[in-house]
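One chain is shown next in structure tokens, namely the form predicted alone.
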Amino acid sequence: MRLVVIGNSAAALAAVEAFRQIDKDSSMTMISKERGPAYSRVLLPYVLRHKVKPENIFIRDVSFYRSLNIDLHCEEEVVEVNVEKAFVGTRSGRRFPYDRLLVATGSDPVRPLVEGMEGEGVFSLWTRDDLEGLLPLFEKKGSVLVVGSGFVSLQAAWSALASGLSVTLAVRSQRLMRRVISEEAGCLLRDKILQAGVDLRLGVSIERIERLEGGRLRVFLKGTDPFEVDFVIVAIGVCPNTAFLEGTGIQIDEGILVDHRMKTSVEGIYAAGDVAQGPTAFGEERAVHAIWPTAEEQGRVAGTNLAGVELAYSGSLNMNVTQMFSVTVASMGIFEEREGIESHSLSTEAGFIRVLYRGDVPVGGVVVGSSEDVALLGHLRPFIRKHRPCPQDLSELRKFFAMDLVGTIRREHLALPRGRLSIPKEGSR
């Protein structure tokens, strides 16, 4: 059998590892539009803050691909999947025939459709190329406008501030990270950002960018006077990479629609990771959860099924956690009250912990505080996934998780798979 994998990040890596555990002999080809071995996008802001060296962002080396007998093709962008003739075509004109295909192409950042957004001085923070373009500018310690209110934009703003730059943060809505944390958590984070010295502008949108002599940029935000910066970082969201699948018959909504085995609507083609819209832990409509743990989980399921062993995915559970502006922010599952769901809160020295329940079963939570506070969400994860009850009093809940029984559950359900990232704590190198 000939297996072709498009992609070279979390989902693709987990898939090829799972596949080779079962199938030792089939040919396996990986195609990546980026150069070199797999690396972690999560670590890019840490490089900008000098917490991680650029050479340490890699999560695999060439020996990994050799050990699994993978034919790796880098800097090859897939532009066509021919379902009838069963081949993948790249921009360079190469064709890769397949018997089974995994699409793990992830997502790309999107940009506002405004004048001057494309061109010199405007960056994303998504790839190695982005990082290499930003590093010299961070060293100059000038001024930067960061556009967006999600994890990537706020990490970029914090990295710039920590590097000695003057930072303006423009957010279209009146609320920070509204898709991933509660309103109260967003308010606490807003206060931390203001205290740190960021020029935070809420409820504004970018109208245009003008390029001046000497390379500086003049920025026009709606309702404010124009101002100048040395460069701009845009991080307003990402979009799954699916354009090359046009005409294949593969069903696509927000992402590629997949079932519990990561199968698409076309026989022999699977999808996993940020590009896939799959089952969730709550059994609701299929969703795109563009996070590393979900990509790994889906990749393992896809790889197992591609090798001919049936394995069903129990569904993705959104979880986001990051450290920035001297506070740790995290959310998991459902993080705001809705009908039939109530919350229980606990104030902490650094912020608060809130866990949401449907009856006595936890369905999610949000934390603003220390990394130790966030550990509670990690302990809750198997209970949310398996719909198991636990104490609603958060003080009692902490004691509950200290029991030996729960320690066993954590070891069984939270064991870190090979390749899971270790994010450095602030103050460490």
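Every value quoted in this text rests on a predicted model; they were computed, and no experiment measured them. In this text, residue numbers run from 1 along the sequence as written.
The following text describes the form predicted together with a small molecule, which does not appear among the structures shown.
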Among the candidate residues Glu184, Asp199, Asp259, Glu77, which is the single one with a non-hydrogen atom no more than 4.5 Å from the small molecule in the predicted complex?
Glu77
Only hit among Arg60, Arg398, His387, Arg41 for heavy atom within 4.5 Å of the small molecule in the predicted complex is Arg41
Is Leu134 close enough to touch the small molecule in the predicted complex, meaning at least one heavy atom pair within 4.5 Å?
no
Should Val16 be classed as touching the small molecule in the predicted complex when contacts are defined as heavy atoms within 4.5 Å?
no
Considering non-hydrogen atoms and a 4.5 Å limit, does the small molecule approach Ile233 in the predicted complex?
no
Answer for Gly106 alone: is it within 4.5 Å of the small molecule in the predicted complex, judged on heavy atom distances?
yes
Please name which of the stretches 354 to 362, 189 to 197, 273 to 281, 328 to 336 has residues with heavy atoms lying within 4.5 Å of the small molecule in the predicted complex.
273 to 281
